[in-house]
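To begin, one chain is listed below as structure tokens, in the form predicted alone.
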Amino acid sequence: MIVSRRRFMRLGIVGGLLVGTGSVVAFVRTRGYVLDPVRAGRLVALSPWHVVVVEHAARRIAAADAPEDANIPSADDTDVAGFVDGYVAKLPADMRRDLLRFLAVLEHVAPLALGLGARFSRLPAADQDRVLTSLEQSSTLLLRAGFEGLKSLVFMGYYRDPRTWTILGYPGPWVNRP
């Protein structure tokens, strides 16, 4: 197939416009993540924007069934994102890469797939729940697996804190009990 010079130029211009537009959209959508500089300096595997996404997802995944009960700690109280950062640092490189890519999909692509213009971390709680439910029930195995992996990390981070044990009726380990 021979491509004329005119057609080649048109394709080049269209391709350049797509790349330029995509770059501008990516630049705009990846700005504005705020994280305490001291906390950002302690991160070992996640970048500040990853932490923000994990914090928002953890708040929804580990949301209390009885939000009026002040004795139930939140995901922020138990520093789930800090746990995930430390855990992800110990993962093999390919698993770490896959999880970080899933966080990018959760933040930028999954809301768009539902017709939501804002990124995940800027959505109201009800819309975040919709996004997480869509990933959990996705027909795509990779998306379901990504959600299950993130949910597992959130619950490992949440229930490692002794303040959460009473929620489950767990009295704590028997080791070193009098």
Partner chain sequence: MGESPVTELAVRGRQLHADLVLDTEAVVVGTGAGGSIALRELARAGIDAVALEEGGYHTTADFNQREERMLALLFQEQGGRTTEDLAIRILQGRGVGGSTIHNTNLCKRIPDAILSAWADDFGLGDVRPEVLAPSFARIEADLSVSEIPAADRNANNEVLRLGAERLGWRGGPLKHNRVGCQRSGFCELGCSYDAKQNALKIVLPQAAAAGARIYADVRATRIHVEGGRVTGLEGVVLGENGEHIANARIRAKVVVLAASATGSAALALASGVPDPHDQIGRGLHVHPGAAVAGIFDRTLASYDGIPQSYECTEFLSFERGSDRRVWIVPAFAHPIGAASALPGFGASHMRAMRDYGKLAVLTALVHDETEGRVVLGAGDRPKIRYVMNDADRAQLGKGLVACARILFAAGARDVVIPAVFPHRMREPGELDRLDTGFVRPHELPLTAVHPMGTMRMGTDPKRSVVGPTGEHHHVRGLFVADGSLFPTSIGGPPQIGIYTLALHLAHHIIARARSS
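Numbering follows the first chain given and starts at 1. All of these numbers come straight from a predicted model, not from anything done at the bench.
The same protein also has a form predicted together with the partner chain, omitted here; what follows describes it.
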Practice task
With heavy atoms only and a cut-off of 4.5 Å, decide whether L46 touches the partner chain in the predicted complex.
Solution key: no
Handout entry: Contact label in the predicted complex: A110 to the partner chain, heavy atom within 4.5 Å
Key = no
Practice task
With heavy atoms only and a cut-off of 4.5 Å, decide whether D36 touches the partner chain in the predicted complex.
Solution key: no
Problem - Heavy atom of A40 within 4.5 Å of the partner chain in the predicted complex - result: no
Practice task
At a 4.5 angstroms cut-off on non-hydrogen atoms, which residues of 70-85 are near the partner chain in the predicted complex? List them in order.
Solution key: I72, F83
